[in-house]
Structures are given as structure tokens and as C-alpha cells.
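Consider the single chain below, provided in C-alpha cells and representing the form predicted alone.
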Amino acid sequence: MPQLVHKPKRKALLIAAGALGLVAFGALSGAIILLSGAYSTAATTQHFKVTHQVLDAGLRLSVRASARHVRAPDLDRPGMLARGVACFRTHCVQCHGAPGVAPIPAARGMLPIASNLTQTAREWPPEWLYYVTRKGVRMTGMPAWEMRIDEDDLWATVSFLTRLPVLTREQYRRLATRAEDLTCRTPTGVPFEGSREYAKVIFRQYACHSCHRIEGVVGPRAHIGPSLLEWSRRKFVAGVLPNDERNLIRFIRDPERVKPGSLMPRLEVTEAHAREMARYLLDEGAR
């Protein structure tokens, strides 16, 4: 005789099955639309309003959770504002604009459009601004600046952003003029970590995967440069030097000097980052 299922339990099972069915139907429908080519990837086709709302909510919740342990230093220290203006002028105004300054033409056609930092700085605490500036935001065109801007200058940029909501056009122009002789500093004395996961981040941040296939690094199906898979089995670096850590670091940092005429550009890779890359590739486990 079949065992009877208690009614509340049976109802819960039916609800769960229905929810699972809806998820499966949605996934199947999305796959059909994607594979049919009906989904437009053109930047001239705007997102649905709900898409913007969901992405914005997701961004805020993610940043709030990720930045919960960040503690802002004194943002009013002498010199911070001027250096922050220098970094903003060098790296930010092109996409975000400034008081009385429009983003460059290419940035105006981005989808999603870069946020207006006057509003963002008004609504977000300094810790959130720092986290997003340091880590970037995926699928928006916002890069991670942690390997390109010195830690003190990242906070200097935040110092400037906190003042942005109250700046007039003329005030911004004066600040930018005063900071013309200042440069936004790049990181120095970068420590060597020896972590395989960190090495993958480095490869991505130097855009190595735009030309090469690299074990464990997700990216386009690039065949412009040679595959770096099973690199430890190679005998030579660029066909001219024995394949060891020292020579690989030399080539990563200055390809033209090692092999004149090389199509690989100089990416201004730091010594520590080049060592992370070299050890990752030479590790027998990187296959």
C-alpha cells in the first residue's frame, strides 16, 4: 500500500517543483534567444529599465559587503586633494567627466554609460569609493586601478571625489590648473606573493590573455600570440634564450630588447609581477 504524503509537505514539494520548472524554463528560453542571435549586443540598443535597476542594486550590495573591512585614512591630510585631482584628471575625467567638462566622445557611447561621479560621491561613503576605484566593476568598462595607481594616490583620488559634489566649474578648473605639474604615482616596491591565484589576476590586469592562451585564465579565444599552455616544456624564450625564470622575466619586461622586432609590446610590468608570471608558467602544475 503506497505511503500517504502529508498535505503540507506535499504542497511544499509542489511549490519547489514549480519554482525549479520556472528556473529551467527561463534558462532554456534565454539559451534559445542567445543561440538564435536575436539578442542584440549592439551598444546602440539600450538595456531594459529593470536591467539597470537589478545591476545597480547588485553593485551596491556587493560593494557594501566587500568594503565592510575597509577603513578610510584622514582624507584631509596636506597634499591629498592636489594629488587626487592629478589622478582624477589623468585617469577618470575621460569617461566620467567633471564639472563643466564632458567625457571624451568614445566614453559617451559606452553601454552602460559611466556613472556621474558627482552623484556617486554624494551617495557613497569613502570606503565604497575606494573599493570600486581599486577593484573596478566587471562588465562596465571600469578598470581596477590597484596595479596602476599607488595606494596613497588611490586614497588621494577618494579625497578629491568626496569634494566633487560641491565643486563649481570654476573651482574645478582652478584645482586642475594647480595640479598640472603633479603626476599620479604608480605602485613601487610591489611585494612578491607567490600565489597562483594572484598570478592569474596579474595576467588579466596586464591583458596577456588578449593575445595568449593561458592555463586557468578565462578570456577570448586568442591566437595572436603563441599559446602559453605547457610553457615549462619549452626549451627557449622567444626562440633566443634558454627557458628559465631569469630569461622569462627579462622578456616579459622588455620584449624588444630580448628579441628585436618582437610584436609583443612593452607592458611596463614590474619586476615582482613578472616574477609571478614566470613562476606560474614554469610551474609544472600550470598545464
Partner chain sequence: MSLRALIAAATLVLTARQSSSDVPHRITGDVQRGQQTIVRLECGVCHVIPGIPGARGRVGPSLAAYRRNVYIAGRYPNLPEVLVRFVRDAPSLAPDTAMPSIAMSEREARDIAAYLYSLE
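Everything quoted here is computed from the prediction, not taken from an experiment. Residue numbers count along the first chain shown, from 1.
Note that the form predicted in complex with the partner chain isn't included here; everything after this is about it.
- For the three residues F25, I32 and S36, a heavy atom within 4.5 Å of the partner chain turns up in the predicted bound form in no case.
- Per the 4.5 Å heavy atom criterion, the partner chain in the predicted bound form is contacted by stretch 237 to 245, the sole one of 52 to 60, 38 to 46, 237 to 245, 65 to 73.
- The partner chain in the predicted bound form comes within 4.5 Å of no heavy atom belonging to V218.
- The partner chain is not shown here, and in the predicted bound form it never comes within 4.5 Å of any heavy atom of A12.
- The partner chain is not drawn, but in the predicted bound form it has a heavy atom within 4.5 Å of L263.
- Contact annotation for 241 to 260: residues with any non-hydrogen atom within 4.5 angstroms of the partner chain in the predicted bound form are V258, K259, P260, listed in sequence order.
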